[in-house]
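Below sits a lone chain in structure tokens, taken as the form predicted alone.
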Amino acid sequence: MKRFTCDELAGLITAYLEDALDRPARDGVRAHLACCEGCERYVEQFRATIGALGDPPPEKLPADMRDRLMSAFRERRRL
């Protein structure tokens, strides 16, 4: 199992919360969180922020930009 410093763990939070870490790394994060109150609090704050903000709505393109992109895609298909 990998052991992480607090700084290393901070860089892995997003991957940890998205379940994108391999098992040894995930186990290392969990072990660190079990013994580090500061990092545990940091992860909980991160989760609370995600819960409060949720997924942002997709950004809408202005109509003229969308039309230009669609024209460019159509033109490219013709080539």
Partner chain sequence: MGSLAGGELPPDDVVVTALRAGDEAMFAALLDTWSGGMLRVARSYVSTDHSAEEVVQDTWLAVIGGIDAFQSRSSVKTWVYRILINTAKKRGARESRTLPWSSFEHDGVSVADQGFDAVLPGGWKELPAAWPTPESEALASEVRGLIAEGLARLPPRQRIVITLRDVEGCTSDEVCEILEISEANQRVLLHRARMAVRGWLADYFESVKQPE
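Positions refer to the first chain, counted from 1. Throughout, rigid core stands for the largest set of C-alpha atoms superposing within 1.5 Å between the two forms. Fair warning: this is a prediction, and the values are worked out from it, not measured in the lab.
The same protein has a further form, the form predicted in complex with the partner chain, not shown here; the description that follows concerns it.
- Evaluate Cys39 for contact with the partner chain in the model of the complex, applying a 4.5 angstroms cut-off between non-hydrogen atoms, and reply yes or no. Yes - in the model of the complex, heavy atoms of Cys39 and the partner chain come within 4.5 Å of each other.
- Query: Could you tell me if Lys60 has a non-hydrogen atom within 4.5 Å of the partner chain in the model of the complex?
  - Reply: Yes - in the model of the complex, heavy atoms of Lys60 and the partner chain come within 4.5 Å of each other.
- Query: How about Gly11: is it within 4.5 Å of the partner chain in the model of the complex, going by heavy atoms?
  - Reply: Yes - in the model of the complex, heavy atoms of Gly11 and the partner chain come within 4.5 Å of each other.
- Spell out, yes or no, whether the shortest heavy atom distance between Arg23 and the partner chain in the model of the complex is within 4.5 Å. Because no heavy atom of Arg23 falls inside 4.5 Å of the partner chain in the model of the complex, the answer is no.
- Query: For Thr14, is the CA shift between this form and the one not shown at least 2 Å following rigid-core superposition?
  - Reply: No, its C-alpha moves less than 2 Å.
- Quick one: core overlaid, is Pro24 moving 2 Å or more at the Cα between this form and the one not shown? After core superposition, the C-alpha of Pro24 moves less than 2 Å between this form and the one not shown.
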